[in-house]
Ligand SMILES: NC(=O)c1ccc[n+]([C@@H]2O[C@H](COP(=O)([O-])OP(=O)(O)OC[C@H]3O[C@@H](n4cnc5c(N)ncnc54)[C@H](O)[C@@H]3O)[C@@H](O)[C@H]2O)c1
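Presented as structure tokens, the chain that follows is alone, the form predicted on its own.
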Amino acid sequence: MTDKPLRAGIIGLGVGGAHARGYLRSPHTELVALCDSDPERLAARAAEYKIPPEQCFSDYRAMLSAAQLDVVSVCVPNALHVEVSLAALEAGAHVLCEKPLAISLEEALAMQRAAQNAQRRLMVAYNHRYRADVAWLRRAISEGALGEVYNVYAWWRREAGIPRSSWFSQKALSGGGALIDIGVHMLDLALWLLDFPRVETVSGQVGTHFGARGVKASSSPLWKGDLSAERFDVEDSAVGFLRCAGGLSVHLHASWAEHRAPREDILHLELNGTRATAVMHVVNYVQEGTLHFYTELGGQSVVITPDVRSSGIYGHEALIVESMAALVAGQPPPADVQHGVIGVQVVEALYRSSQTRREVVLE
């Protein structure tokens, strides 16, 4: 353990902005360097976070060479995760990589080996673990309130949420569409809540129904550009079915776009257990009033609405604060590289199942 703050840098300042807020809040880090290929965005973030011009870079290699960093956030397009993470590990930094860890299992395993060889931590930014309702679900499961969980439904479904950003819609840069973008979050939650049961087989189906026609683009101010002007060769919807050890089944559904209530954006987790069912239903990212618990009492069906309230920090900020505390204490990180490898392995198998129209057995 050290009392000296870890010197942190961020490569990619889109979602990297959320990472910056985490490093600024953590008592264990000092945000000292930024890198982005967009000079306007770089200048704006530097002013916001009070980073001097000499610590701002357009080339990540230059930043890694000059800034003497202890930890680096990698927030670049998915296809660049492996290249940038390997360079940061080689430079002697711990790495927090945005999800997905990589766009192939081969790349993910190479990153894991590189971290082991460098004796550095490689962590994955699974920020949705850091919601108060998710924390309640995990606690209820660990205390046995659900009994044996035998079935999980995990959704992230949007009415009109196709990213208006060139790299998200191009498979060469993203590795895929809705499945690898938002589906991987729900997959992680389903498996993490149950302490990663072994996935034995997967079946998947992906499709493109809206994006290639230039419709149902996200209206979020986070996105810029005209969807119809961009190449679109990824899926905008995906479904999957996982058979896991012990008879557990997981139903996965991720869609950037579908006909449903206007502007509706839903995260949904349902865990069926032998003693109870727990449901988390989040509409448009609300933080409270999302939980229901169904069980029996005195021979009658009972519905419980847990009064779980959001307090303090959550999302990327909470992830980074906890990860940095674990790092300086020499403890395992909360979202370890192995969690990222499992996610990539399952996603890759789901894509393969869709392509071959066959169930895929995982090794």
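The first residue of the shown sequence is 1; numbering continues from there. Not measured: the values here are computed from a predicted model.
Not pictured, yet referred to below: the form predicted together with this ligand.
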item	value
The unique member of D133, E107, D181, D188 whose heavy atoms fall within 4.5 Å of this ligand in the predicted complex	D181
Of I266, L80, A212, L194, the one that lies within 4.5 Å of this ligand in the predicted complex (heavy atoms)	L80
One stretch from 335-343, 8-16, 348-356, 21-29 that, in the predicted complex, holds residues within 4.5 Å of this ligand by heavy atom	8-16
Proximity of K99 to this ligand in the predicted complex, heavy atoms at 4.5 Å	yes
Interface membership of F168, this ligand in the predicted complex, 4.5 Å heavy atom rule	yes
In the predicted complex, V76 touching this ligand (heavy atom, 4.5 Å)	yes
is_contact(S37, this ligand) in the predicted complex, heavy atom dist at most 4.5 Å	yes
Residues of 122-138 having any heavy atom within 4.5 Å of this ligand in the predicted complex, listed in sequence order	A125, N127, H128
